[in-house]
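The data below hold one chain only, encoded as structure tokens and taken in the form predicted on its own.
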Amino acid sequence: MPGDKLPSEALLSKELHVSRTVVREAFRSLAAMRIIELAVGRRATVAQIDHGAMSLMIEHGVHTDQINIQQIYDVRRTIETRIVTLAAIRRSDAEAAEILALAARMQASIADPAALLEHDLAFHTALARASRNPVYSLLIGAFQGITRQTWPIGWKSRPTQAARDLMVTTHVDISRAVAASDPQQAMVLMSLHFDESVRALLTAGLS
């Protein structure tokens, strides 16, 4: 379980018949992958799972041209239509209120792209939590690094206020469908959102 203590370096060294240096290096590698947590003067503990290692792998794939942005958005579209479907079915009243509030914050910050981006990321994260599947939360978190890089490009490629309004109002409509427990409408709107996002990125020259 997260927080559980691991055996000491000395004990593992003795039980595994390896030097403490080998154990220490193994601990450092596991900590780099965020599988365990290390602190000076304390025994290593099991880490809470997070998206760090997956995020690095995705960003590495993009930066070395092994994965392209269109492929990422294709996967995100598949994942997020399922997420929003489950969120509409499983969300609590508190989660519905949070999702509605984040969409409203997006609408209120339409003139401030940096703030809008942060509310957008929080919106998709909240949907993933409401799906009640922690794997989806990990995946959404893992995509955030690339999203931070591509989102401003997509925003700038929407040249008219009407196009920018459409992006934000689609999020508002998604939030209302989730609050209304309407999975079909939520899925349709999320599909529309990703189709428009891919179109904007292609317009900007990203493939």
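Bear in mind that the values here come from a model prediction, so they are computed numbers and not experimental data. So that the term is clear: the rigid core is the largest set of C-alpha atoms that superpose within 1.5 Å between two forms. A residue's number is simply how far along the shown sequence it sits, counting from 1.
Another form exists, predicted in complex with the DNA; not displayed. Remarks below refer to it.
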In the model of the complex, the one of 44, 138, 146, 168 near the DNA [non-hydrogen atom within 4.5 angstroms]: 44
Identify which of 156, 176, 34, 28 has a heavy atom within 4.5 Å of the DNA in the model of the complex; exactly one of them does. 28
105, 122 and 125: each with a heavy atom within 4.5 Å of the DNA in the model of the complex? no
Counting only non-hydrogen atoms, choose the one of 159-167, 36-44, 177-185, 53-61 that falls within 4.5 Å of the DNA in the model of the complex. 36-44
Is the gap between residue 14 and the DNA in the model of the complex 4.5 Å or less for some heavy atom pair? no
Residue 18: heavy atom within 4.5 Å of the DNA in the model of the complex? yes
Might residue 192 be said to contact the DNA in the model of the complex, defining contact as any heavy atom within 4.5 Å? no
4.5 angstroms heavy atom contact with the DNA in the model of the complex for residue 8: yes
Is there a C-alpha shift of 2 Å or more at residue 199 between this form and the one not shown once the rigid core is superposed? no
Is residue 19 displaced by at least 2 Å at its C-alpha between this form and the one not shown when the rigid core is overlaid? yes
